[in-house]
Structures are given as structure tokens and as C-alpha cells.
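Same protein, same chain, two forms; see structure 1 and structure 2 below, as C-alpha cells.
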Structure 1
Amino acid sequence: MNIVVKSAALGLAVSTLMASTAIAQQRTLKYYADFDPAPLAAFEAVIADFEAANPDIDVVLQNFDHEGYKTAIRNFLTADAPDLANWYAGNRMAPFVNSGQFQDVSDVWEEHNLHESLASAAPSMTIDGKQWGVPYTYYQWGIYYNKSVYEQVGVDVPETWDEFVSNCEKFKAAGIDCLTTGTKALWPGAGIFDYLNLRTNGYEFHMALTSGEVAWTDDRVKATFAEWGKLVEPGYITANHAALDWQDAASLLIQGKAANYVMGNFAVAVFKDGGMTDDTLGFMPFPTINPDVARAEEAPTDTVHIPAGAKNVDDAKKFLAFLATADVQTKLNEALGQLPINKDSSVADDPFIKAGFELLSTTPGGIAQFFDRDAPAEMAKIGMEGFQQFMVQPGQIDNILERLEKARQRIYK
């Protein structure tokens, strides 16, 4: 009996010791994010998978309101930093990198061969030759077009800018807007400018311009607007675009009153809700303007970073490596309806998702984030107002560029 009691006591002691050891080994990973409901559910599934693979790590996710997060991150990075934080690639992360608030994670990229698997987004994650986070999703921009009106007018899908402009003459003769947009909220016009500048001057120049390193009165900027003028001056763009929301312009494409629309892939749902199908809706890369410029694309990229004040850096790096894997990015983006960045991931059986994955995973020239992510908020607003005015008053181009240049000198000093 004594033996049984002693054995039971010993067993209890061992169990208690094991439990204490387990508790002592359990580690917490604090993660601040700004997910909307659908992405939140998808990411909670990723976290559950990570915790199952790493039972000694407990990820504590604190989700902020999307808009409120933009202010909150500036406070918590200096006051009470988590171990992981959501943000964006490109120039948008530069202020936090340059102020020492994001950690260099180049060792994660090297150890897990991310320079190859995440190659398409590597330039937008690199500053001073180092990587500062891991990207997990993006979506393509390009030109969505109405196949029926292309057939009606009898033109081919263009590969070059000259072919695109030539088509516009035929669309106008048929009473169809060659290019539609709705700039009531300003940002759709930035998509047009970004692509014109990327195709005229290339990714590095575009990044230098949005970083405030190039004057808006530079001849290379004027060259971009000269290409834009080939659509504006003959009246190839929807005339009342400044009074339209982007969905209003989408309706023009759906109704066959417009042929082309520079837009992000999120618009496909609106086109299809309006009655378009895979047989009537087409997608093409923005045409080549300067053949000597490497093809760069526009794809707003969401990322995760390790703040400088993180307390559990080792496990944070383990999470970044997990998030970068092909299988995790496949599962996550299936739920998001967007594109994985890992080139070995697979994508949904959707022609627009497949076209975007092919476009972005093979781009040799870099990936821009979008004008209002690549430029500071104040410069972005003034710039987009200028883009809208140019499409209404192209003769004011010199005054517009002088105004943008004065803003650049004030905002970036």
C-alpha cells in the first residue's frame, strides 16, 4: 500500500514537473495586424497551422481597425512594440526602416532561399541591400477590356502603346470611349500615371520620383505626360471621369460604352456582377512604350515585419519563414482571392488570377505598390489632384508640374 501511495505521489510529482516544464517552455508571439473580416479569418487559419507545427509557441493576435492602424503603428513601434506587425512593401516601409523601427531580416531570406522563391517582390522588400520583412499576398493591375467591343470595331488586343493609341481612333469613330476611368476619388487616375511612367522611364526612376529624389519638372516626367496626352488631347478618355466613381466607369465597360479600363483585379467581381463573363471580359498587361525599359508591374503588396523593439525575435523569424512557404501562401491566397508571391505556390482555377500570377511572377523590372503607397500621403494627394486636372485641362501641364514640384520641395525636405 505504501508502495502504491509512494508511486502515486512520485507520478504526481513527475506530472507536475512535466507540466511546469511545459509551461516554462511555452513562448508567446505578440502580433499586431489590421485585417478586414475575410482576411482575418484566413490569417487565423494560418496562425492555427503555425501553432500546430510549433506547439511551444502561442501567437497572440491583436487586430486593429484598418484606418486606425495607420496611426497606431507609429505609436506602438516606439512605445510597446509587438513581435510581428503588418505593413506594406516599397517606399511605404522606408520611413520605418530608415528610422530603425523595423528589423533587418536578411538572414531569413538567405536561410530559406527567399531571394528565389519570392523573387518578384524582392526589390520592393529591399532597402540598402537588406530585406526588412516578408510579403504574403498581392494583386495585379493592368488593363481590363470588353472583348465584344474589340470584335465590334475589328481591332486586335495591342502589345505596344502605338497599337493601343491607334485602336483608340477606331473606338472613338464608333462612339466608344477607348479608355474609361472614374477619378471622383482621385486614386484611379494614379493607376494610369504609374503605368505610363513605369513603361516610359522604368521602375527605378518611378521609385526615385515617388521618393522625392526627382523633380516633377524633369524632362523624363514630361515625357510620361506626353504619352498620356496622346489619349487626353484627342478625347479618347471618358469625358466626365472627374464626376464618376470607379464603379460608374466599370458600368461603362460592362455596357460596351468603353473599351478599356486600367484597374486592379478586385474589379473583376464588379464586372461579373454587371453581367460580364470570361467570354466577354479580357485582361492584358499594360502595353510597351519604351522597349528598352524592363517590364515592371503594379501590385500592392501586403507584408509582415519584425519591429526593432520585438522581444521574441527568434520565434518571429520562424513565423516569417513559415509565412513565406509555398503551401502556406497557396492556402492563404485561396481564401483571400488574391495572388501568392511564392513562385512555387499554386493559384485558383480562374483566368484572371492565373493571368495575374503569370504576369507578376515573371516580371523582370520590379513591382510598384501604387502611387498612394509609394509616395507620402500629402504628396500622393497633391499628385493625384494633378493627374485628374491633366485629364481635364491638358494645356495646364506646365502649371501642374510646377505645383507638384513646389510640393515636392516642401514635403520631402
Structure 2
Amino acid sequence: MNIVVKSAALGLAVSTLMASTAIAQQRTLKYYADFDPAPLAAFEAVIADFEAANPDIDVVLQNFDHEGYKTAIRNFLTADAPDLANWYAGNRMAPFVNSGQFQDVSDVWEEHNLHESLASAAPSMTIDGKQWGVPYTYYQWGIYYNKSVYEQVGVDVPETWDEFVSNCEKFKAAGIDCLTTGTKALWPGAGIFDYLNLRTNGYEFHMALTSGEVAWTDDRVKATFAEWGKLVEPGYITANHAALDWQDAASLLIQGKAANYVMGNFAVAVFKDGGMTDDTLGFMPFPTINPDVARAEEAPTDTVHIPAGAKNVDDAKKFLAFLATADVQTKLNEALGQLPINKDSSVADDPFIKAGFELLSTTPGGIAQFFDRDAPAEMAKIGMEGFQQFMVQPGQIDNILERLEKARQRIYK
């Protein structure tokens, strides 16, 4: 755990200029977060701006390790709650909302007209008709591909699933993995499932499935797996993906050993670190499978919440309102390399960001969070294990679906 105590130089300078009593009256705002280094720097800049605008508030940011945070939050929410805490939208926040650990911040949404400016994320922030936090960023998922490999094999970027699959045959012949993934941490496999499912059955079905209203043994689920099987059975997906981290699979794409990768936009930084440029790295929306299904996309949303045990609620709400403004979201997401949620924000001049903005703002079908955010945690885990197993042992599909169905009946009571 790495502790960062923020004392913004500007905020300090302003308060030193003012009467010394002003310093004595400073209120602290305790903020627990789980940023990786790049987002941390971006957020520190935002906090500095906030402190400059509110010299009487001192934001104390405590940064946790990203994975450790997911377990730490359960402890600190009940034991020693901060005034602000990072978390995720959708069903992922449901346990904390339902157990009364997060505060209702509908008044912030009402007062600052966030229903209009953050409209695209409003449904995923709403439970029981109330809003429980403020989203500040999301990012698109899609297929990232190696342009040089496409040239080498001599195939075109596919528009439909059939074209994609027939390309795979040529990649295979050239000894290149058509689709790569690294499922050691399970979730990358869920991205593939989600897109196949969204393209086969659509957004409504995705939501119904993840909220437990549809049986896993349903024919529509089987149809999704049948499409997946077109890649798994001929061996178009990287072998040994179960022992690879997503970064290991990214290096296969960088090295030209793999052609396509279903990933979120955060992977672009890894691809570019590995030496890819805008000329060699391409992005395409996941190809169409069933033309009658409206195109839906995945865009996991990151959010900030006020815990029920917060001591400085007024200032916390001030911070949320600040975080929701167009300027802050523009600046923040420029540094994060992601997409702002506020519709009045502008996006960075980067081909992948622009493509993502275009993709998400024109989505007719709907925006899903991600399998492990839309489905409850337990179902997500069992489901993602099933996806991993399917990519290793496609013949086990009936057993896998029966196991998931059994879990569904237990989890959604």
C-alpha cells in the first residue's frame, strides 16, 4: 500500500497569503483510491485544482494497490470510512448500495444537472431510482490488431464475423494466432464472450443474462458459444492462454505472432510501450454477427462514491460536483487516455480515443459495463472460469453450461 499525502503547492501558496486563521479552519477530505501510476498523476493534478478552487479544503489521498483495494474496501467501509472512495458502476456497486455502505448522491445529480451532462452513464449509476456516485471516465472495448500482420498475410480488415473467421484460416496457415488473449486473470476471456453475445443476441439479452433472468442452458447462449466455437475448434486462439497474463498476450500481438486482440483501450499504452505506433496498431469495432441485432458496446465506467460513514459529506459532495464538470473530465481523461463522460467535454487528439468516442457516442444498442461488473461477483467468477474452460476444452460445453445454470439458480435467489 502506498500512501500519498497531497499538499498542493498552489493551494498552500494561496492559503499562506491569506490570514493564518484560514489555515486553522482547513477541513480535510479523506479520499481512498486505487490508481495505477499514470491515473494517479492525473488525479493529483485534479485534486490540486480542486484545492486551489477551495483553499479551505485539504484533500488527503491514500492510494491502494489496485487488486488489494478490492478486498480492502470491504474493511474500511465498515470500520474506518473515508469521505470519498473509488469504485465501479453497474452491478459492481450493488452490494454496497444494498447494504447501505454508499450514500445516495441524487441531490448532487439534481443540483448540477448531471442527468443531462452525464446522461450516457446515468443508467449504470442508478439503483432504485437514485444515483449513488459520480462517474469520471470510461473506455471502449473492441479489437486491436497488428496492421503489419494483416499486410503480411494479405487480408482486409473484416466487417462481418464470417470475414473475420475466414481471415483466421489464412492467419493460421501463416503460423499466426488469429485471436490472442491471456486468461490467467480470467477477465480477458469475458470480453470475448460479451462481444460474441452482444453481437449474437444483443444488449437486452446481455443484461437479462447477467441479471440472472435467462438460463445458461438457453439456446441463445448456446448460439453464442457456437460462434465462439468457430474460433476455438480450429485452434485460432492462442494456445496456453490460461497461463498468460493479458500483457503477455499483448506482447504476442506486438511481436506479430498474433493478429487480433479483444481488449479495452487501456491496452494501447502497453502496445505503444512495446514499440507499436499509430501506423502499425489498428482498432476496429467487433464485427457484426447477426445484422438484425443493434450494435452494442462495452465501456466499463470508473466512479467515485461517498461512503455512509463519511465525516465530511458536504465537502465530499463539492468534490463530486467538481469531478463531474466538463473541464475537469476533459483534463483528467486527456491524462488517463480515456473517454470523459460529460457530454460537453472534449476528447484528446488520439486516433484510438477518437475512434472510441465515435464508437460509443453512436452506439444504437446500449452500453454494457463488462461481464464481471454487470453480473454479481460470484456469478462473474464462475462464468469466467467457464469461458476459460470452453477455450481449452470446447467439448465440455454442456457440462460448463449446466454448472453455470446450477450456480445461477443458487446466486439469484
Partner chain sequence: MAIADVSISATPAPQRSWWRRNQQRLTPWLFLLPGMAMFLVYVIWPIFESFWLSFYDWDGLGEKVWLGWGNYAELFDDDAFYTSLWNNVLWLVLYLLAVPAGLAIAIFLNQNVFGIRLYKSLFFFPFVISQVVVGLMFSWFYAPNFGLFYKLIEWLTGTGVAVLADPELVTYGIIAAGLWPQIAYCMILYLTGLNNVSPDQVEAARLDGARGLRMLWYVILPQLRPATFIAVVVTVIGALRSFDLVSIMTDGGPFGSSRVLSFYMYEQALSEYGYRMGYGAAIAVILFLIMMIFISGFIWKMVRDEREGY
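If you superpose the two forms and keep the largest set of C-alpha atoms that fall within 1.5 Å, you have the rigid core. Just so you know, these numbers come straight off a predicted model, no measurement behind them. Numbering for residues begins at 1 and runs along the sequence of structure 1.
Here the chain appears twice, and structure 1 is the form predicted on its own.
When the structures are compared between the two structures, the hinge, where C-alphas stop matching one rigid part best and start matching the other, is found at 347 among 256, 347, 106, 154. Relative to the larger rigid part, the smaller one has turned by 23° between the two structures, according to C-alpha superposition. Core fit done between the two structures; CA of residue 91 shifted by 3.7 Å. At residue 31, the distance the Cα travels between the two structures is 9.2 Å after the core is superposed.
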